Structures are given as structure tokens and as C-alpha cells.
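Presented as C-alpha cells, the chain that follows is alone, the form predicted alone.
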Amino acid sequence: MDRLLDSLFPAPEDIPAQWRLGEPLEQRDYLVAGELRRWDGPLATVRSPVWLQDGNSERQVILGSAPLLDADTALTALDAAVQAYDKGRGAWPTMRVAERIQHVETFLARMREQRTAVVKLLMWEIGKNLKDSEKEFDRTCDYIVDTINALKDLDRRSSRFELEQGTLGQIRRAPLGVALCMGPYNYPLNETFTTLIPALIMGNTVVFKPAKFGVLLIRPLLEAFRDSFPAGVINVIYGRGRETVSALMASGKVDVFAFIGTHKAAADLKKLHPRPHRLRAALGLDAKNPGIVLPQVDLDNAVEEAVTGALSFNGQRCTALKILFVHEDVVAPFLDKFQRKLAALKPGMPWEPGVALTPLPEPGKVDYLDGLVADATGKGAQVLNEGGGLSRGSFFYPALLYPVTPAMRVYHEEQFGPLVPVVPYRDLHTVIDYVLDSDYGQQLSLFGNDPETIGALVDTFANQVGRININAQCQRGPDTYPFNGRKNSAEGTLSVHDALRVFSIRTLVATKFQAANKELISEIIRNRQSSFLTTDYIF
């Protein structure tokens, strides 16, 4: 393992030519009111999780810099969004659905042109391997296509009139106002766009702040945003959230808050809004998803899913399996198989073929994980796998911890990294109580083949988490399925279908079913005198 760590980080000449970087990118552009404006103030240094061999030592790669906008500048972006919305009277919120779809399709075509640039920055900025970086980009494009198709379907169903108790009505969806969209660093493109695109396509105007890591990868898309949407509809800002985002929320001008991060940060930001009853929130927050391995189980499948679920992208996923409860009757073979699977995972740089374990982008993360391991081993746990917990620079080799108890921090804290705590249990009520008492309620996984036990646990947990996975890891997809959570894990539901509803409200136009009224409505539709009141059928 020491030799592996010694050779982990490459020399500059060892990097394949197509993935090498040029000079550091000094980004000073931000997007406000349809203009790429230049920021002449302070910049934040953007560091890569990748280090390079430099003689007898190693140095962290500096990727470039990004604007540290101040509160006043951020507020100009918000004012541009407010002006473009114009209290619901702006060109974008009153535009016909088919025309808004055309703008999004134009953006998608421009976005696809930047695939290589965005994928390269995903690898260098957050350490995501090439395969997963390409998958994130392609999945995001697919999500946009699916969103367009879902809106077409929704609009077709809304194009008809309904007659109830002598009242003729048409129910359509209308935008909510100005949306503030913020995504997470682990999926800085995909998770961000799962709120950004639905917010836009439903007619809201948007202020978008990229994630704290994965900030430069938005730069190749700024021109596409500028050229694809009317001025002020999409505004992109940068800077420290405590300065920029706090000012936006305190203004009271944000109508929809879409945020993926910690529940504490979300709560602090929501408290700043002076009119919280008027704030719609779509939040993806913390999770401590358990995997529960029952005594009657296909161990090979359970181990395969648990390794992938716990360590994909180094465990840096809200949907990762964060703690494993394994029955005493099968814990020994489970741990043996798990260690062998773990040992087969290839560490390395993101662009290397077959790499599964990569450096971590978050500063201080290795020290935090070291602290969790020290706490657990100091209270009786062992690191079972060879090399587990060893680190070099920003790289942390996964540690399989056993036996983990409630006295240990990792039993309760969301590690968001390559630590795998395993808790042995005899009485299933121990596991049930853990789920019932947890502050989190995103997902869990059940591994077993006894129908009576699985059925009873489904009923027990259905009111505790947003998704129960049977003999499968926790995950978000497919994107047509609802993605939500209970307790401190989420607010609102996201999916291709649900997100369109999160960022809009049903609005009814109604009249008494009388001849004069029927003629009036017919004339409005026939002469296309309303964008909202229409029977257009979008193909």
C-alpha cells in the first residue's frame, strides 16, 4: 500500500495528452441581464484534488480562479431576474410553453458542444473518474430531454376545458416567480440542472450559483445560457454563500429556493427570508442511509451492491450507503467477501481506465475521516482491510470499520466519504430503532430473501424513508421516479414529473357555462389572444 500511494500521483508528462491542462483559467465573467460582465475584484483560487509529482515532493494542481462577488453585485443579478419576471408580466413567464421549450432545446444543443470541456473539468475539479464524468454529462442532457417531453405531456393534458356543476374551466400551470438554484459539489452539473431546468422551463426567472467545488466547469456554458434565453431569465453568480446568498435571501425577493446541501445550511438561509410563508423550497439534504443484511440472504449480491453503494465516487453521494447492519449469522462471510471486493477496486487518477477510487475534492476531508477512524478504533472497532485509512495528500484509501457501536461518531455522523461502518446485530429491533430514531429519512436498502421478513420491514419503514430498495443499493434514478426524503433529509419531491410541479402552481380560468361566455372564450382561443388560455397541442 505504501508503494501504491508513492506512485498514486503522476508526473505531468504521464498525463494523457487529451486530458492535460493548459494554463490556469482566470475566470472573471459572470452572467447578469443577458450580459457576460467582468469582475475586477478579488478571486478565489480553484484547487484540484489531483496532486502532481514535483521532483522528490508533490504539489497540488491550481486549476485557476473564480470571482468572489460581493453582496451588492449578487443583488444586481437578483434585480435582473426580478425585472425579467416583472411580477409575472415579463416576456418569459407569459411566453407560450412551446416557445419556452424551443429556448431550452437551443440551450441543450449548445451545451452538447461543450461535452469534452465539461467532462475534463469534472475530472480535474472534483476527482470524478472519466466514465462517471461522461455519465453525469450525458445523464444531464437526457434529463433535459425527458423534462421537455414531460412538459409537453403535461401541457397536452392541460389544453382541454372541464365542465363541472355549470362552471367551465381550464387548469394550467403557472410559474412562481424568481428562483434561486444551488447545487452540490458531488454532482455539480446533474443535481444542479435537475432544479435549474425545471425552474426555467416552467417560466420562472433564475439566479444560479454554482457549487463550491465544480465551479469552473460552468464557464463553458455561460455563452450558451446568455444566447439561449432572454436577458435576465438566467443569471449566474459566484462567491461565498454567506455573503452573496445570504443577501439574496434577506432581500425577500426570492420566491423559490432550490438547494442541495446540509439541513443546517438550508435552515439558516430560510430564516433570513422576511416572508417565509411565501417561499417555496425544494431541498435535498443530509442522509445516513442504512443497508440492512438479513440472515436469509444472497450474500454475493448483498456484497456487490453494498460495495458499490458505499464506495461509488468514494462514498460522496447523498444516496450512498452510509452504515451497514449485518446479522451475526452472516457477518463473518459478509466481511470476508466485502474485503475481497474492496481490494479489487483500482485507485488512481480520474482519467485512468478502470479507476474506482480517486482523490477527494473537499479541503480537510482526509483529516475529518482520520478523526472518525481514530474515534472508532479508540472505542473498540478495527480497520479490517489492508491499507484501510491510509492517505496521501487528498487521497484516502477506504476503511472497513468493524464492529461499530452507538458510542462511535461514525454511527451517527454522515461521513460523506470512503468509510464503511459495519454494525453486527442479533435482534432486528436494534436496526428498526436506529431507523425510527434517526434524524434522517432519505432511503434504505434491505438485503434478504425471506418474504415474510421483507414484507414486515417494508411496512415498518414505509413511513420513515422516501425510498426502500430491496436487494439493491440506494440510488436516485431512474429520474422518472420520485426523489425525496423525510425528517432532515429533504423538502419537496423531485423527479422529471414532480419537478415541473415543484416550480409551478395550478391556476384556473373559470366562467359560467353560458352562451355569451362560451363565445368569448372561443374567440380568445381562435384569435390566439392569450398565451395562457389556449388549446394548442404540442407535438
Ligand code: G3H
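These figures come from a predicted structure and were not determined experimentally. Counting begins at 1, following the sequence as shown.
Keep in mind that the form predicted in complex with this ligand is not shown, yet the notes after this line are about it.
The closest non-hydrogen atom of Tyr30 lies beyond 4.5 Å of this ligand in the predicted complex.
Under a 4.5 angstroms non-hydrogen atom cutoff, this ligand in the predicted complex lacks Trp51 among its neighbouring residues.
Though the partner is left out of this view, Asn385 does not reach within 4.5 Å of this ligand in the predicted complex, counting heavy atoms only. Pro482 falls outside the set of residues with a heavy atom inside 4.5 Å of this ligand in the predicted complex. Listed residues Asn186, Ser438, Thr73, Ser133 were compared with this ligand in the predicted complex; Asn186 is the one with a heavy atom within 4.5 Å. With the partner omitted from this view, the residue of Leu401, Leu324, Ala258, Cys318 that lies near this ligand in the predicted complex is Cys318 [heavy atom within 4.5 Å].
Partner proximity in the predicted complex, defined as non-hydrogen atoms within 4.5 angstroms of this ligand, places exactly one of 32-40, 486-494, 502-510, 471-479 at the interface: 471-479.
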